[in-house]
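Quick setup: one chain, the form predicted alone, written in structure tokens, and binding and motion questions come after.
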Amino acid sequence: MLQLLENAQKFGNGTAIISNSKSYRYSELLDVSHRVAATLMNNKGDLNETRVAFMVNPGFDYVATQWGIWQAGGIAVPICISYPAESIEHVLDDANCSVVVTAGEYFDILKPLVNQRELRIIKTNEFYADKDGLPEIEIDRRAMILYTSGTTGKPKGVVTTHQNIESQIKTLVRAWNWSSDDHILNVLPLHHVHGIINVVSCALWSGATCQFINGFKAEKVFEIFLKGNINVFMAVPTIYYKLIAYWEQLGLDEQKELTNRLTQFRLMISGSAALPVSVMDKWKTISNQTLLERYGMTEIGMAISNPYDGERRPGHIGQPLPGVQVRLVDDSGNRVPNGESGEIQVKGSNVFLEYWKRPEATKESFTTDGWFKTGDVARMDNGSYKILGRTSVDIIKSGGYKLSALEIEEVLRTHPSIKDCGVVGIPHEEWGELVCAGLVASGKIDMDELSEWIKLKLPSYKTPREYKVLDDLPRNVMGKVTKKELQQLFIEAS
């Protein structure tokens, strides 16, 4: 049995999950996940890495579904609950999913897509009770496919094995002192490694309690904090920015009450995007907590972290986590001396297996001696890594997501009034980077119509926040768009 599930058996009567105002014990989670597995297997005995997509709200049903897929021998393929139809279709087709599990509220969205592909669809309230005959799952089996934009247009499927996932969890449990006494509130999406691994999986591995809320509202988050149970919190910089803004408009007595409560937390973490020093400083004033910043990505889980005990340096991501190897190299692949910048490369059992059905992309992402090339540039600064930027201007980090400018451009070019376009990110205190698009029109562009149109094509976190109509995009002598010049046009106008 997988170690995550073995641990859950030991915590039987402990509270595993709180969602929709209801508490669920570890024993209940195991019972329902067994029923999920039996239903998925449908008397087959073993799914043998069949891809099972699931579109389920964060909470008990999500975790039970994910665990059930794993126990049945399948590969879990979570779908973002805010995806438009085109994004869902890409995941279903690229992963070649055979089964789709859905919460009732998404059934009408998924049904026509499933029917077109003749897939099996199961609602989360349709799992039956036969729990016998679950297969033995080897740790080196493929476990999950998460879709990430990466450096090419269409999102790529990042494949992790059970061993990769276990390694990612173990290193964080050790580094961040997780225990069964912990109680964390999840406000993060669960099609992203930050929510799946760092929050939910680490909590349940440790016998802790993971609480969920439906949708982020600063007022609701603070209301839950004041109840006194939560002692660990993880979020992206954008969320801390929103919490700060809400706190600042409260009365003095309410501010003091929240500050007293936040001071009692054991750990608060920020990740998935660079944390502005101004946000870190404001949050410390409010909470007396120095946010722990760390570094990771879908392909590697977490690789570098500021210490749990010890100095957490603003603007720095810390040191390699236990069991993770990290090096900085120049363009020729040679290690750089301390103080000089280089690309971050990572090696360890935490590193993903492959990009799904993309052997060339997988090969290009690794050095000949097995180091994963992250594309991020950093330097070692007095014993702590500091992120300097990325090797590609086509990667945008906004609101905790790593976005492909190329993917967004491909979608925009399908609009009948757009002849060409260029997408860039510009620095922004709340979002990390703001997605901006320079447009070359083939006719008159109705911006209101464009805003509504793009919502049907891309998830909200990928849609441009600012547009600029240009006679032409800035280009070099070879005709290639010069993204840095395009960025400057938006920066100067902001």
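Everything numeric here is computed off the predicted structure, so don't read it as measured data. Throughout, we count residues from 1 along the sequence that is shown.
Another form exists, predicted in complex with a small molecule; not displayed. Remarks below refer to it.
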- Task: Spell it out for me: taking the small molecule in the predicted bound form, does every residue among Val193, Met297 and Leu434 have a heavy atom no farther than 4.5 Å from it?
- Result: yes
- Message: Within 4.5 Å, heavy atoms only: does Phe216 come near the small molecule in the predicted bound form?
- Response: yes
- Message: Is Lys397 near the small molecule? Define near as a heavy atom within 4.5 Å, in the predicted bound form.
- Response: yes
- Query: Taking heavy atoms and a 4.5 Å cut-off, does Ser460 contact the small molecule in the predicted bound form?
  - Reply: yes
- Task: Consider Gly333 of the chain shown here, and say whether it contacts the small molecule in the predicted bound form, taking contact as heavy atoms within 4.5 Å.
- Result: no
- Task: Identify, from the list Gly342, Gly207, Pro84, Pro189, the residue with a heavy atom within 4.5 Å of the small molecule in the predicted bound form.
- Result: Pro189
- Which one, Ala175, Met302, Val424, Leu243, lies within 4.5 Å of the small molecule in the predicted bound form by heavy atoms? Met302
- Message: Given a 4.5 Å cut-off on heavy atoms, tell me which of 95 to 103, 111 to 119, 408 to 416, 230 to 238 is the interface stretch with the small molecule in the predicted bound form.
- Response: 230 to 238
